[in-house]
Ligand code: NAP
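Take a look at this single chain in structure tokens; it is the form predicted on its own.
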Amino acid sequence: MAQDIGVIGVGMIGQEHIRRLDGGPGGSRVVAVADADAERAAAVAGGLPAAKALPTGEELIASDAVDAVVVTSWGPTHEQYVLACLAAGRPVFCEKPLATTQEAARRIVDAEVAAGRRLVQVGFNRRYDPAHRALKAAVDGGAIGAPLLVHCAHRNASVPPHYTRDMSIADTAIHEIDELRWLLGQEIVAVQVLAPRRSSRGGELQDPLLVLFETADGVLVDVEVSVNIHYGYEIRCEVSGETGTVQLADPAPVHIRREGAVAGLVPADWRERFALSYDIELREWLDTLAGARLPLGPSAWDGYAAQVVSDAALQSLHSGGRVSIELPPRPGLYATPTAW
């Protein structure tokens, strides 16, 4: 069954999602948009065949024309819109973060548990990247024995002027936090953030950072977060196991050998690197809605768990020490194979 979608927040990521949703799988349509910038919302709606710009996100959620909602607004607004969706019984796809504090994320979890039905999916799109899925399949299939160490890097060519030191964790490393929980199928129990010599290109930022995670069964993980690397956008992950290693392949489509050197193209940004995973993510979400099944992707609990780890990492960033992490028991609503 075709889905009529409302989108709250029509900035860069909102418009990326609209491009995929309008006329997307199963004949889905974007029928309503809302944004704090009313002129921008009107302009976006004007470029779509069936969409109207509504004054507020709450009015969009309450509209009888909307089957499901996509929230891509500013992070601090996510809680109010997701809670409104739950109160209205509307399925909602919420871009990360689910909320900007663990307390707010927990309120969403509690509201969904009280409703007794999973309606929330969080936009952790690494889980939909074919390369990451192949990496997980190799780990889960025992190709390298039990995982022992994981080495990751998250590198941005640059970041906008409003980017702050805390965003290196809350907006950037949060992707690795969810990826690691999903990849290894276990919780993160401790974190420490180390700050090496500051890059001269980082401006006021403390860049790069080295984030160290410990998992429940003793896997150690290091994550390099570099947000002013300049050469392009690069995501790396290698898992070292008892009998071998597995790593993400180079995403460059070609390698050029000439003049005694080998060169490959590096993605310019996240839109180029993860274009296919966004396609898959939204297609599978729409398929879930059409089949009236519970969301198969990252749940509200996953959003909450990632925020708990993120908050602990921010504590370490400011204190310099190792921070232990203990999650409360997972509610039964999320005790399904889809939880990882």
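Residue numbers run from 1 along the displayed sequence. Since the model is a prediction, treat every value here as computed from it, not as a measurement.
Just so you know, the form predicted together with the ligand exists too; it's not on screen, but the next bit is about it.
- For the options Glu95, Glu214, Asp129, Glu79, the residue carrying a heavy atom within 4.5 angstroms of the ligand in the model of the complex is Glu95.
- Although the partner is absent here, Gly75 is a contact residue: one of its heavy atoms lies within 4.5 angstroms of the ligand in the model of the complex.
- Trp270 belongs to the set of residues with a heavy atom inside 4.5 Å of the ligand in the model of the complex.
- The ligand in the model of the complex is approached by Val10, whose closest heavy atom lies within 4.5 angstroms of it.
- Within this chain, Glu234 is remote from the site of the ligand in the model of the complex, having no heavy atom within 4.5 Å.
- The stretch from 190 to 198, 118 to 126, 145 to 153, 246 to 254 that comes within 4.5 Å of the ligand in the model of the complex, counting heavy atoms only, is 118 to 126.
- Using a 4.5 angstroms heavy atom cutoff to the ligand in the model of the complex, all of Gly14, Asp35 and Asp171 count as contacting.
- Taking the ligand as positioned in the model of the complex, none of the residues of 177 to 203 brings a heavy atom within 4.5 Å of it.
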